[in-house]
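The chain below stands alone and is given as structure tokens, in the form predicted alone.
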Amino acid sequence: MNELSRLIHQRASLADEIRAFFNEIDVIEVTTALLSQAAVTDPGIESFTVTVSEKEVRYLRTSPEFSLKRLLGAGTPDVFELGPVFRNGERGSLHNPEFTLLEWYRQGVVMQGLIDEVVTLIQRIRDGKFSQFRVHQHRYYALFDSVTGCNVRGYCAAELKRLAVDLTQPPNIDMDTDQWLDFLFSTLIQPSFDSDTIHVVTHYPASQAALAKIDPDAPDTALRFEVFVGAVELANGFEELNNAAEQAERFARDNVLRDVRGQKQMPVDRRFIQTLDQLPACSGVALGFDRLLMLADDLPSISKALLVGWFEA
């Protein structure tokens, strides 16, 4: 069997394992639209645009999140989708502008319940390859404290920049508070993760809540989590915000921030906003299929997990 044939079988068998997992827990597979009239406003994500006509532009989805939540708001059972998504400008050993994302939603499940489910899925695949990995769960600010020796809770951009200068070699550019936090996380926190451990980071800053609820017991943090296998980020999840007015305000702030950072403002998905007040209490997560395959089958980069890479397409 040549390398390409082997990869075809690897991808198909991992997809089969994932579908079997969701069949066991009664989560139904759906397929949603790739093109939308609106786009994600998150300043950390850039959408591809598609010109339909002189008067119409659409956007390739960066995630099926808005569509899946609209389904839940309309009364569907728990759902998952395994399919292509697109993010402009993301290229590297762990990034490809077109990749496969697994995303699912669980009604009546709080953040910790979904974290446990994500870990179970990871430990189940490939005959339990990761079943003996330790699982460490950390709160975001406590993790910064343990790695850097500094309690960065409440730090402003200037203070974070000074910390970066002391501990790393930061770029000589102006960044805001969240950009400095992201830089320090990627250069100091992630590299500290043990390779034989599944790390779960919870309670990200409220400014990075995105579509997550704010923690009522710690209102400067969000009910958001990320899962890492070793130092590789694999999944990003939320206990989902279901307040339309609050989410609309966040999208508006995103677009103001995009303007400040010199990015194009993006059209807001009004249909999604209108559905949010009907969204049942739920938690959802997006997991990178290609990264999971890369880790599970010991592939050296994400390009080796793709049948056709960006530069060959």
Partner chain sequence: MATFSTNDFKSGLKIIQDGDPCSIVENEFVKPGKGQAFSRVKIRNLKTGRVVDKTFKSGESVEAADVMETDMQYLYNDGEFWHFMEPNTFEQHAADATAVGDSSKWLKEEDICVVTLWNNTPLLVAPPNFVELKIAETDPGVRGDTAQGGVKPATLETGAVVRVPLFVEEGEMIKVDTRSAEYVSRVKD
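Residue numbers count along the first chain shown, from 1. Predicted model, so just to flag it, every value in this text is computed and none were measured.
This next part talks about the form predicted in complex with its partner chain, which is not shown.
**Q** Please state whether all three residues G154, T221 and E249 have a non-hydrogen atom within 4.5 angstroms of its partner chain in the model of the complex.
**A** No, the candidate spot makes no contact with its partner chain.
**Q** For T187, is any heavy atom within 4.5 Å of its partner chain in the model of the complex, or not?
**A** Yes, T187 is a contact residue.
**Q** Could you confirm whether D145 comes within 4.5 Å of its partner chain in the model of the complex, counting heavy atoms only?
**A** No.
**Q** Would you classify I45 as touching its partner chain in the model of the complex, given a 4.5 Å non-hydrogen atom cut-off?
**A** Yes, I45 lies within 4.5 Å of its partner chain in the model of the complex.
**Q** Please determine whether K129 contacts its partner chain in the model of the complex, using a 4.5 Å cut-off between heavy atoms.
**A** Judged by the heavy-atom cut-off of 4.5 Å, K129 is well away from its partner chain in the model of the complex.
**Q** Tell me, which of G149, G89, G113, P77 has a heavy atom within 4.5 angstroms of its partner chain in the model of the complex?
**A** Contact check passes for G89.
**Q** Ok, R124, H95, H138, K161: which has a heavy atom sitting within 4.5 Å of its partner chain in the model of the complex?
**A** Comparing distances to its partner chain in the model of the complex, the residue within 4.5 Å is H95.
**Q** Heavy atoms, 4.5 Å, its partner chain in the model of the complex: which of 239 to 247, 163 to 171, 213 to 221, 129 to 137 makes the cut? Say which one.
**A** Flagged stretch: 163 to 171.
**Q** Within 4.5 Å of its partner chain in the model of the complex, which residues of 174 to 201 have a heavy atom? Give them in sequence order, or say none.
**A** M175, Q179, D182, F183, S186, T187, P191, in sequence order.
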